[in-house]
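Shown here is one chain on its own, the form predicted on its own, set out as structure tokens.
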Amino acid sequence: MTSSRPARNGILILGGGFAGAYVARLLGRRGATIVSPENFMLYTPMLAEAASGTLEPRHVVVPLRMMCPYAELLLGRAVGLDEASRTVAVATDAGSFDVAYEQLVLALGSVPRTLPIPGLAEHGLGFKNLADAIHLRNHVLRELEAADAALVASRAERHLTFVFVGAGYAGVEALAELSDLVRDALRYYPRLRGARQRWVLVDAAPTILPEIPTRLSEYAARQLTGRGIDIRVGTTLESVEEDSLVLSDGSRLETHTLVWTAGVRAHPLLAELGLPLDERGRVRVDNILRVEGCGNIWALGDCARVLNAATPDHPDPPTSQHALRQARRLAKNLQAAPRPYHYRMRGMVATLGRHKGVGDVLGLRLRGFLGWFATRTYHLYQLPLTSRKLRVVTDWTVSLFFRRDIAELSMLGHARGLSREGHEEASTISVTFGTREGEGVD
């Protein structure tokens, strides 16, 4: 028989990402129960800087227990929903049980959207979460080491070719930051100083950063091109192999690095919950963020098709800015008479690396240093907790005076454990040491 427990104050939030964490935080002392597979919220707009080493990875995540001190956290995953009994089945390391709710908030977020491209699943690298960012950084640094060890110039060039598919915010910012990391690192690789590096940005759209005004996206393209980045718009990925890939323009690129940032799709669990979904698998909600046909189930963020009274012609895009505004309205709707969600976007910002950026803030078009400064200022303002803000400012300040660290730490989180071989090795070392240094000691 499955055990059951109630959600704190009757409010159950599925998902501890940007949308879910902010709903719980904004509910304040009323509290709620959060179900999340991690005990932190990832501040995704700073993910590229964590990947490049500008920011310490731990500083771009906010512990949920600190961010939402009046909420209860269940570290686990929702695996089922029973609307009739108002319970959600939750699987945790301590076992599975049902959680009863009065109001249910779906904030499950999204997962990378991939296509059935031959070799993509086997050889592509994602860029969606903190593990992806750390893995990508380690991979790039290992490619530098492989290029330095290569005996043939053509093999070194293959290791120094990096291809990013997807020219939205994630793809552009990740490419810009990581190319800065490689440029900083190359001063420590004398053999590679004359070697050719190649950075390629691919997207099916006619321009990069299609979310921002055309003049700003054109400026961004000029900046990246001026740094030697090869931009291929109106182009798609055809196939991927271990050491090469083919694009729709017929070109074949020799590389070991393909980073896929071409969009997201709604969390697959939504399809199993029996709720109304749109053609893209997102939960359909009305103008007060309530799931259609459900009196006590709400949804927001990337997993929901959110209608915005300010832009009735199209739903909100899956950005952190919109998720935060939806969270503010939903937190109020859970505590008082619900009101329609209405938010007019105030602007968009993006960094291009090397103290360059673009921004459209309250109608002002910013570029260059001003765009970069506006981007950092906005993200610092939105980042929760004063302690996290101070850590990020410290990292930024240090990065002004020192180059990025180039230690490759892929072994982190993969401890070998105390194997039999480890014991034998330790014994051998001990015996050897005793023979050489401890002879004659009683």
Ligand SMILES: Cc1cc2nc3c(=O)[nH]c(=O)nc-3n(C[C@H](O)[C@H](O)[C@H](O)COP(=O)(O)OP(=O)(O)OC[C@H]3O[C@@H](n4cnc5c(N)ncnc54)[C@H](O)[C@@H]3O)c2cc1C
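Only a predicted model underlies this, so the values are computations on that prediction, with no experimental measurement involved. Just count from 1 along the sequence shown to find any residue number.
Keep in mind that the form predicted in complex with this ligand is not shown, yet the notes after this line are about it.
Colleague: In the predicted complex, does each of Glu173, Leu269 and Ser320 have a heavy atom within 4.5 Å of this ligand?
Modeller: Yes, because Glu173, Leu269 and Ser320 each have a heavy atom that approaches this ligand to within 4.5 Å in the predicted complex.
Colleague: Determine whether any heavy atom of Leu27 comes within 4.5 Å of a heavy atom of this ligand in the predicted complex, and answer yes or no.
Modeller: It does not: once this ligand is placed as it appears in the predicted complex, Leu27 has no heavy atom within 4.5 Å of it.
Colleague: Can you check whether Leu47 is within 4.5 Å of this ligand in the predicted complex, heavy atom basis?
Modeller: Yes, Leu47 lies within 4.5 Å of this ligand in the predicted complex.
Colleague: Would you classify Gly76 as touching this ligand in the predicted complex, given a 4.5 Å non-hydrogen atom cut-off?
Modeller: Although this ligand is absent here, Gly76 would touch it in the predicted complex, with heavy atoms inside 4.5 Å.
Colleague: Residue-level contact is defined here as any heavy atom of the residue lying within 4.5 Å of this ligand in the predicted complex; does Ser36 satisfy this criterion?
Modeller: The answer is yes: Ser36 has a heavy atom within 4.5 Å of this ligand.
Colleague: Of these, 218 to 226, 333 to 341, 97 to 105, 165 to 173, which stretch puts a heavy atom within 4.5 angstroms of this ligand in the predicted complex?
Modeller: In the other structure, the partner sits against 165 to 173.
Colleague: Please tell me which of Asp203, Asp360, Asp302, Glu177 lies within 4.5 Å of this ligand in the predicted complex, judged by heavy atoms.
Modeller: It is Asp302.
Colleague: Quick one: from Arg265, Arg367, Lys128, Arg158, grab the residue that has a heavy atom within 4.5 Å of this ligand in the predicted complex.
Modeller: By the 4.5 Å criterion, the partner-contacting residue is Lys128.
Colleague: Heavy atoms within 4.5 Å of this ligand in the predicted complex is the criterion; list the residues of 15 to 32 that meet it.
Modeller: Residues within 4.5 Å: Gly15, Gly16, Gly17, Phe18, Ala19, Gly20.
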